[in-house]
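Here you get one chain, nothing else, as structure tokens; it is the form predicted alone.
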Amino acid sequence: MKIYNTLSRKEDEFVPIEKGKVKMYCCGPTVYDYIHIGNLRTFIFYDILRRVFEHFGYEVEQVINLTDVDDKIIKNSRERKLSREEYTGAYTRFFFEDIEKVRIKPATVYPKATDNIDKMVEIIDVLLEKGFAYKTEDGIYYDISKFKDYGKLSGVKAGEGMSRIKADEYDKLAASDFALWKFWDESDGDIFWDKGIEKGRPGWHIECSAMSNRFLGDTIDIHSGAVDLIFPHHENEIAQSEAYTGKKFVNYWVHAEHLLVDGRKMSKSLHNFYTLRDLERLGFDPVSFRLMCLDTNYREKLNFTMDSLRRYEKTLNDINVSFKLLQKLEETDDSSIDGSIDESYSKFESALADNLNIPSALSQFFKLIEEANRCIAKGRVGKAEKRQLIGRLNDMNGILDILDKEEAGQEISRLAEERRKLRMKLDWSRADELRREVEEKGYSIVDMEGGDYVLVKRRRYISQG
């Protein structure tokens, strides 16, 4: 399996540290607000990355952190007169609700930054002892001039790119140095930890190094995030982690590109800022956004538009109708196996192994859906071919996860069956009433030849404006 490594700047053959296992750290959310769809694109990428490794037989240990203390959290929680725990607890719940809606599999562990303060202090103590860190009146800082390999990930050397790191508006020896620990002041209120290095709170970068080291060890296989984290966050993680352990921190750095909205950076001031909840309020199925993300290579910018999401919403509906109809399709005694189905599956797997070429893999899934539609148009399919086609579509869906999972409940099934009987009696008026009742409950009825039917999750096609 090949994967693009930001560190080597090329596609590298993946070789795990431990045979059959992958240790993967993925930068998670700062839980101070709802995550937006740009964040969500990155988290869907993490999910695909993990699923692909599992598909090829690896045991994946995936850590996704939760940043539950930073300047914004302190400011916002105080303004709302909430404790830090209350404030971040709410947005943590919202985060888990959102990722479940787009079918992201749970990570192995979601450590909170505030549960790992002791590990951060341990690392800071070692960095002070080794001379990589120093104290000032307002905090403890990392001296990047002491780390000779600084810039090996991003290409940014010490003293360059300072406009990217002005967020650390604290006392320090050089503008490029970054905060490891920020000493308490009155603006922090009661948010501080007293751990023997003067009461205060951690800087952002040290949090990820501490949690990665605690849960995955000194050297890990993969560290992932969005491209905007390459510098300074991931560059700083390397500096502090490798200075702490004396070992290589990460073998493969894997980054996902940005999401744009109508060709522009997403921004509240441009009124093009969306959360998943915004899309749901417009009537979209969250899985249609997942499908949109899968259809663009993770290393390419994804241009989100409402028109394109409408198309993916319709595509999602169409493939689920086809799959449901295929499952109900009349079988013939033909026991032949279609070689083109397995050929498509082989191409699907090759695309996965080729630097996660999910759009190419998705095209093979659609090819099998087209084959299902040909069978549906004929009104019948060979028993062995049907089993083979359904099996391969389900195998592919193990990665893509876009087929409907929920079955209609007993009440909906009862109404649909009653409608079928009314149609047989030619009672079209009452049958139409039951169809509308089923649709109001969230399902559509798709009629088949011979009077049979399938129930499919109902999706709205939102009109422009």
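Nothing here was measured: the structure is a model prediction, and the numbers come from that model. Each residue number is its position in the shown sequence, starting from 1.
A second form of this protein, the form predicted in complex with adenosine monophosphate, is not displayed here; the remarks below concern that form.
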item	value
Heavy atom of Phe43 within 4.5 Å of adenosine monophosphate in the model of the complex	yes
4.5 Å heavy atom contact, Gly203 to adenosine monophosphate in the model of the complex	no
4.5 Å heavy atom contact, Cys27 to adenosine monophosphate in the model of the complex	yes
Exercise: Arg380 in contact with adenosine monophosphate in the model of the complex, heavy atom 4.5 Å	no
Region of this chain that lies against adenosine monophosphate in the model of the complex, out of 367-375, 274-282, 348-356, 253-261 [heavy atom, 4.5 Å]	253-261
Contact check for Arg103, Pro286 and Ser288 against adenosine monophosphate in the model of the complex, heavy atom at 4.5 Å	no
Option touching adenosine monophosphate, based on a heavy atom within 4.5 Å in the model of the complex, out of Ala107, Ala226, Ala158, Leu216	Ala226
